[in-house]
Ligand code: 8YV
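Let's start with one chain on its own, the form predicted on its own, as structure tokens.
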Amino acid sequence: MTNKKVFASRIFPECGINLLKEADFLVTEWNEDRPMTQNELIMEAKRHDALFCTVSDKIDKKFLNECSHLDIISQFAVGYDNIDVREATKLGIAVGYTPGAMTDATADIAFSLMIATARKMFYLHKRIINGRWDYFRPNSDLGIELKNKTLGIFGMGRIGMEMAHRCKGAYNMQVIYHDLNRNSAAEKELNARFVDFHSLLAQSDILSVHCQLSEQTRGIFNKEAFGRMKPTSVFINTSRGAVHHEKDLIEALDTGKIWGAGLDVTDPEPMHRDNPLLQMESVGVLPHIGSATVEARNAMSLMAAANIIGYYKDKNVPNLVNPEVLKK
């Protein structure tokens, strides 16, 4: 098809890289076991026509103006808050992403965090490791049951829908949600009820976050928000760490404004090992593994590759953030 050059900023699953090579792309992969610096990424991108990158790569205005020759940036992620999409569009650079590939994997992590947090599994497991499993105390190690509770979803997209399906099916939870737009499928399939943000905070027993990180959502779960939640509630975040204000979350847990928290994302990442959240009894933290299944990562790699192939084949990019670029 082409001899266009693609740079891959990580060692991605081979299926996507092989798909590009089979289509006659010249692929160069970063093969060191560390993230690239932005200057290293710029230097490599300057020698290539397309970039196959991931969410931890900083694709800001500086990068884009240094690499304005790029035809397409295809991101191995469902989110793209690391990319200055407005600047890329201005420069005529297409931006691809991989929505849907990690829906089930991430919903499973949110569901697992909810259960593990409700029963203090992370904390109690560490207690065994530390040699502190001794004798039975009837009023110790008590968690909370989930049956018939109210699930609040912040961001009723693909992953939010799957989380809601799991919770309703397993625990007969009542589902409420808040989003920029109503989700008619959720309302029909799950009998989900659309509520405003303050009502979501006040009514949710479990509040699970599945939104994009944007100017509107950055830090939206702050001291005021946690103060409006039930003291018996559990906060789950598998979207982006910057959606919640971490110091405010720690304070809310310390002061009993909320009961627990399950996090697959933190701010910053990686989390420091001395972070007090890691020692709290009703908190569970994972190292951002929402998409970490063989199936999800392979699908993401294939989708990211297909975006690049489609761009050069007939300007038909399967998953494009800024379709207006192709109209110019």
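Predicted, not measured: the structure shown is a model, and the values here were computed from it. A residue's number is simply how far along the shown sequence it sits, counting from 1.
Just so it is clear, the following notes concern the form predicted in complex with the ligand, a form of the same protein that is not shown.
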| item | value |
| --- | --- |
| Location of the ligand contact in the model of the complex, chosen stretch of 48-56, 26-34, 255-263, 66-74 [non-hydrogen atom, 4.5 Å] | 48-56 |
| Ala192: touches the ligand in the model of the complex, heavy atom cutoff 4.5 angstroms | no |
| Exercise: Val78 in contact with the ligand in the model of the complex, heavy atom 4.5 Å | yes |
| Lys120, heavy atom within 4.5 angstroms of the ligand in the model of the complex | no |
| Interface membership of His245, the ligand in the model of the complex, 4.5 Å heavy atom rule | no |
| In the model of the complex, the one of Met102, Met173, Ile206, Leu201 near the ligand [non-hydrogen atom within 4.5 angstroms] | Met102 |
| Interface residues of 278-309 toward the ligand, as seen in the model of the complex [heavy atoms, 4.5 Å] | His288, Ser291, Arg297, Met300 |
